[in-house]
Ligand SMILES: NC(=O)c1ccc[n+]([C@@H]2O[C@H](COP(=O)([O-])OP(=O)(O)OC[C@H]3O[C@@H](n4cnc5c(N)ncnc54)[C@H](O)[C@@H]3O)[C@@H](O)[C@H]2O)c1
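Take a look at this single chain in structure tokens; it is the form predicted on its own.
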Amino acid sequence: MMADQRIPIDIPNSPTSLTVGRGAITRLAAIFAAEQIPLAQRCVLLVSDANVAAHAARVHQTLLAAGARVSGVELVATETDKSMRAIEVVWNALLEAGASRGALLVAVGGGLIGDVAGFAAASYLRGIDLVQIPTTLLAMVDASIGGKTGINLTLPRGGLGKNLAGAFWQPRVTIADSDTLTTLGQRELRAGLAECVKHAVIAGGALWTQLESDAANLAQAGVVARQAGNGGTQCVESLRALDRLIPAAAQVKAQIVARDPHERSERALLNLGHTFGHAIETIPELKLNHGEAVAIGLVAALRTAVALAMLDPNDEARVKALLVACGLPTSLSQPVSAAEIRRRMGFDKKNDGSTLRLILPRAIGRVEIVSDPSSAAVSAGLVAIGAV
């Protein structure tokens, strides 16, 4: 077994880190001790969802064995339930546990659970310690890193606005145990690959080359991870590909976040594909998960960049081919009004007043913030994904 890999994230006044390793949950007490996070007699609230009950139970037992006073609460992990009601459930559980400012909140689950638990930790008694234990690939390489927390709000005239209320709240540590990915289906694991492709477009270089090489094995990883005990060449190669990918993709975000923790400049680049993606993710009839929406949003961003004469069409084709190789969608499954997508894009957090701001690639390894792109270029991006 490979040793755990620790990736420091040196944020001023809030230093944190990411620990990546197979079986890391079984070493929680040692990881907490190394990060100087006390457990003995400490009030700990475990926030999870029913889909990861087995992982949450293992964390619970490990924390109990280390001397913590542990209680737990389960949330419904859907976008419509990512709301103030969920925050109040966590707050009330903390109150019932007698949690003071010395309490610790531990989030076990995907990005949605981490967002809600993080916002609750940031706001309960004006802030208590947080530890993130992501159990999805998407959360391991993206959502659990960097301290963004939040909930969705209902938009005027309907629809959900993604993460429109929240706070920056850095976890004391994030622990990514790739053994937890055995609870993911293929579709969910591929959703995480979308964020990895995004990181590869931003960073280029070794991550891009590695992801192109490993794409076929990674696309099957959601199936073979469940069969790890059965061996076989495909299984071994897929798991090795995951072990290479997680720290490499996470490192891209960690480095950017350390330089710009509150998204005043460079960190906004991590939203590549997300302005389009968030707008279509919240259209219920499409039934898209976050990663699928980001993949389609990335295609729209690529075509917008080509229409603005920023991006070489050959690079557009390479990125789209990588998305396909990872088993991700590149267009809408049914026609959707371009006007409705534009309306939802108007509520994006990156916008400056009424001015649309997009993150667009100029090349693989180079992305930029573009303010007020032409309407024709945005329309080209929407047509490319099948909007009407």
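Residue numbers here begin at 1 and follow the sequence given. Quick caveat, the model's predicted, so the values are computed rather than measured.
Missing here is the form predicted in complex with the ligand; even so, the following discussion is about that form.
A.B. asks: Thinking of the ligand in the predicted complex, which stretch from 239-247, 298-306, 107-115, 88-96 has heavy atoms inside 4.5 Å of it?
C.D. replies: The contacting stretch is 107-115.
A.B. asks: Indicate whether the candidate residues 77, 162 and 183 are all in contact with the ligand in the predicted complex, with contact defined as any heavy atom within 4.5 Å.
C.D. replies: Spot residues vs the ligand: full contact, yes.
A.B. asks: So, in the predicted complex, is residue 344 in contact with the ligand at a 4.5 angstroms heavy atom limit?
C.D. replies: Answer no; every heavy atom of residue 344 is more than 4.5 Å from the ligand in the predicted complex.
A.B. asks: Just to confirm, residue 55 within 4.5 Å of the ligand in the predicted complex by heavy atoms?
C.D. replies: Contact check for residue 55: yes, within 4.5 Å of the ligand in the predicted complex.
A.B. asks: How about residue 188: is it within 4.5 Å of the ligand in the predicted complex, going by heavy atoms?
C.D. replies: Flag for residue 188 set to yes.
A.B. asks: May I ask you to state whether residue 51 is within 4.5 Å of the ligand in the predicted complex, using heavy atom distances?
C.D. replies: Output for residue 51 is yes: heavy atoms within 4.5 Å of the ligand.
A.B. asks: I need to confirm a contact call. Of 218, 131, 120, 138, which residue comes within 4.5 Å of the ligand in the predicted complex, counting heavy atoms only?
C.D. replies: Among 218, 131, 120, 138, a heavy atom within 4.5 Å of the ligand in the predicted complex occurs only for 138.
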